[in-house]
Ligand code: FAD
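Single chain ahead, by itself, as structure tokens, in the form predicted on its own.
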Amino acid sequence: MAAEIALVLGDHLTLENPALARIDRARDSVLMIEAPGEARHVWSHKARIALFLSAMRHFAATLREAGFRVHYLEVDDASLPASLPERLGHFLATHAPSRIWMCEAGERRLADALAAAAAARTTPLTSLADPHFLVSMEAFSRWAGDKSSLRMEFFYRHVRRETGVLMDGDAPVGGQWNFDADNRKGFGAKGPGLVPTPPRYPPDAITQAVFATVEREFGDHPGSLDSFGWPVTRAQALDALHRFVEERLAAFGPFQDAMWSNEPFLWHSLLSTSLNLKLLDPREVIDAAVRAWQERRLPLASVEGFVRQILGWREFIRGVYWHWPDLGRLNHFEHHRALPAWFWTGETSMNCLRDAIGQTLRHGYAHHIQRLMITGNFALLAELSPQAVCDWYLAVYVDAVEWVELPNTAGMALHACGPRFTSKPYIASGAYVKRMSNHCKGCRYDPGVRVGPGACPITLLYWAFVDKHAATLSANPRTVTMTSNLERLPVADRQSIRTAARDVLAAIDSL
């Protein structure tokens, strides 16, 4: 019998990958493929490329140590075609395995292309359910049924009951399902104070070789490798989990939505890269947080707020991605404006956007409120194309895999999916930025001014958006306050807002 292969993709770096259990180590092989086409599918941040390649190469070494035979195709092999599916086809033509096993891909585009490449060589390919997630696709579909809209809060409560996580019998521990009211504090004028330094993992020889390849092959891509210190091995990921629980989880809850200039990490976990590469299992992450509450009495609000992100939002977003295959084509508000050039440089006079984009280019990272309420909020108010914005988010963040990036960006940040799984557009004026950060201090723009010299573009565009969509927003209990405030403005002021917004959007590249 011809040998079989287990195809291990770059975001399935775990020995629990079900494809590995289907092959005979004495006869069969593992195939891992680096492909320049994946780095260029979107104009990927150098740190994103380096993270995937380094983690993949370290995992290949782990597989060899475990007794697997590994075929490894490197990104700069000029004898091979550029795309991952084409490289798979070339391997099949050369080695003629009898079957391919793989864990289901995290992106619909790639899943379809790999299946087509195998079919073209008449090689059977079996895609196996991903055991990494707590909720299977079948279980999510049963929960979702034929509903036209879904809500994470109800899903979260359902999964809490199913798993028993933070439950006291049939009731949530602490008597409430979430502690959002306790977890939305700003720092005030004094700032965050002393923030624990998160762990950084110095690049070893493998990672340094990856850096050299990235600079040579993708030197024109955005971002920098200078501050790269992400976990690239299972041992490093476990250490990062331990350090977060020990040093930052207690203060994570109350300040998870706060921002501060030149403080890119604050008390955030920085575990999304390890989770999305599968270096960490969500069960062990949740268990570590819950144990910290049980054994060390860490604040329940912080622990629940963190568990909610993993058990609730992460599982929900993955289900939504596969439940609705058209998310990437939706454009609820019919927005089509191109991205400003400064999205790729951070060179804008708006302090909040300069800080969020600047740290993104340095680290490939911004926390969830920076993504939702700074870059996302601006993109929605400025009527930027959802497809262009989604490509940008997929390109610039090191933790970006499409199953998690697309629903979060299109659905949450841009409301491009309408009410399918969010009850309102997440929009805010400059007053929100001022309350939750220090970005407005010393900014060229005043968050309290709607129109005229020094008016904050975010404030102006917020009022223009509310004015334009007043009929829809006034019919929604969660946004009716926005239109009530708008109606207090004189007619002449509303017209001035419309005119000024048109002028600002026409000059968006110079903001």
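The first residue of the shown sequence is 1; numbering continues from there. Keep in mind that what you see is a predicted model, and the values were worked out from it rather than measured.
Keep in mind the form predicted together with the ligand is missing from the figure; the text below concerns it.
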{"query": "Residue contact check: Tyr365 to the ligand in the model of the complex, 4.5 Å heavy atom", "finding": "yes"}
{"query": "Phe252: touches the ligand in the model of the complex, heavy atom cutoff 4.5 angstroms", "finding": "yes"}
{"query": "Non-hydrogen atom contact Asp399 with the ligand in the model of the complex at 4.5 angstroms", "finding": "yes"}
{"query": "4.5 angstroms heavy atom contact with the ligand in the model of the complex for Thr422", "finding": "no"}
{"query": "Heavy atom within 4.5 Å of the ligand in the model of the complex - residue from Leu384, Cys103, Leu275, Ile357", "finding": "Leu275"}
{"query": "Heavy atom within 4.5 Å of the ligand in the model of the complex - residue from Val75, Leu114, Val165, Ala413", "finding": "Ala413"}
{"query": "Interface stretch in the model of the complex with the ligand - options 175 to 183, 217 to 225, 81 to 89, 267 to 275, non-hydrogen atom within 4.5 Å", "finding": "267 to 275"}
{"query": "All of Ile310, Arg314 and Val404 with a heavy atom within 4.5 Å of the ligand in the model of the complex", "finding": "yes"}
